[in-house]
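Next up: just one chain, as structure tokens, the form predicted on its own.
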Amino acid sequence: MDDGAMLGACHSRTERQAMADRQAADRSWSTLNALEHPRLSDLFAADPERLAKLSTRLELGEGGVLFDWSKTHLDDPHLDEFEALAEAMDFAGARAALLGGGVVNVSEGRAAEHTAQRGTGSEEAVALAQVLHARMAGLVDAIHKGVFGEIRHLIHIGIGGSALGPALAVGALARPNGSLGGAMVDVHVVSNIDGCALEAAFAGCDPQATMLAVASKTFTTIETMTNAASALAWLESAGVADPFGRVVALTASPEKAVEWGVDETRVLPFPESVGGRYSLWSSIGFPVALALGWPDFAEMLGGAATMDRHFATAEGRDNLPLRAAFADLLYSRLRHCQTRAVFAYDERLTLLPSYLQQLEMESNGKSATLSGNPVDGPTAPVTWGGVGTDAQHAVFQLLHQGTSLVPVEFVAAVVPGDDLDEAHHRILLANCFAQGAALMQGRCSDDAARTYPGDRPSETVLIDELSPASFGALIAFYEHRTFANAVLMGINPFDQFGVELGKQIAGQMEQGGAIFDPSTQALLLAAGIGS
């Protein structure tokens, strides 16, 4: 079966059809590679409707999100051929399989049912999500009502998707900014095995008013379980009579959590078919619900569901995540850009680039196709970024005048997250928009050191107001964009075997007795952990 056949082969296609699709995809890539790349200024001059074609709002009931790709090199010829590529790679079938609960994770033989947590999926998966959400809502309500005593702090222990999603959401939506208030429960997310991270959380919490959330899909992750044991010891040393009575387990292996010592009433399961980096919507979102309150968490799910509906029904270039994937592949495959930069012009979204690094690079950082063949071009670029305006004084020199072409994405909100003089936010947004204009426009000078080449692409995502709904829609957009990229490249975005080898070798080092290369042996001895 061809590499693009719906990420899981949920419908039958003949070998002849597969061959025809592969040939059609090859023709599309050949045509795309032959297309010219006019300068951005020429594209605007040639098409008065360019902004309207490439700038689209997603409405969310109250407010919305504007997505603007007009400052990229996408034009009608590219869009036409990318749409042909999507058809050849059976994007519609892959999308139907994803949203219908089909086996899209081919290498592990299972579905990827994170959208079911938001109401889109098989009937069984959606019903289960509703039951598990009700269970979580009940526990959140009990904690807020004081059933466990006065709880002012939560130390959330996880790693990877079990930590990045909650940390991003809490940072974005529960910051104590002016009249916007703050968290109902103070949340500290700890992921690093480095004890300094856990000690920093201890320093900010009163152990008599602290609960622990242990988030691990398998409930065996060594970093998470080591940190959890140390957190329990901290509670015990502080005189908490029943440390295990303060633990909530978030896991796809509830029996292991109970075996570890967590009472089953405080075990919040999530399905095995929900991957770590897509798990914010499941019980992994417990710290978000505890910080914000259940109504806001439900609003976040609703915002994501709005993006799901758009993704399910919009076709071709009108589909926002698919259009974003067209732009991504234009730069990674046609213009050979090895990186993609994301800059959030909003302090509340400081962790967005880090979150996207895992989502995009762990999902699509692959070198094999669905059929096991070597990929025939670049896959995921290196995602990096920062926060404006800080980044302007650090890395924008390279973006404007360096020798590397880097597509840039700006993310900002119209409504500020503070109550200070409006000049703060006006200057912030002016800087955001000015950077995109300057990257495209450039400037000539008789002094080479003061010349800006221009014609450098950027996308802008402008949120009316950073609310639970708009945040949910934004993250769902990035999830579907990552999936759309994978379909067009014929790869599986839902496995991550690349993270296993290093973990296995670390385990061998912990056990002792294994022999490694001379450099590694010397490092172990120098650190005092070798024999």
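Keep in mind it's a predicted model, so treat the numbers as computed, not measured. All residue numbers are counted from 1 along the displayed sequence.
The form predicted together with a small molecule exists for this protein as well; it is not shown, and the discussion that follows is about that form.
Asks: Just one of 307 to 315, 192 to 200, 112 to 120, 355 to 363 has heavy atoms within 4.5 Å of the small molecule in the model of the complex; which?
Replies: Contact-bearing stretch, as computed: 355 to 363.
Asks: So the small molecule isn't shown here. In the model of the complex, which residue out of Arg246, Arg323, Arg277, Lys71 has a non-hydrogen atom within 4.5 Å of it?
Replies: The residue in contact is Arg277.
Asks: Which one of Ser332, Gln435, Ser162, Ser458 is close to the small molecule in the model of the complex, taking close to mean a heavy atom within 4.5 Å?
Replies: The residue from Ser332, Gln435, Ser162, Ser458 that makes the contact is Ser162.
Asks: Counting only non-hydrogen atoms and a 4.5 Å threshold, tell me whether Ser216, Gln496 and Val499 all contact the small molecule in the model of the complex.
Replies: The answer is yes; Ser216, Gln496 and Val499 each reach the small molecule.
Asks: In the model of the complex, does Asn227 come within 4.5 Å of the small molecule, counting heavy atoms only?
Replies: So Asn227 does not count as contacting the small molecule.
Asks: Should Thr221 be counted as a contact of the small molecule in the model of the complex, where contact means heavy atoms within 4.5 Å?
Replies: Within the cut-off, so yes.
Asks: May I ask you to check whether Lys53 falls inside a 4.5 Å heavy atom distance of the small molecule in the model of the complex?
Replies: Judged by the heavy-atom cut-off of 4.5 Å, Lys53 is well away from the small molecule in the model of the complex.
Asks: Please tell me whether any heavy atom belonging to Arg39 falls inside 4.5 Å of a heavy atom of the small molecule, as the geometry stands in the model of the complex.
Replies: No, Arg39 stays farther than 4.5 Å from the small molecule in the model of the complex.
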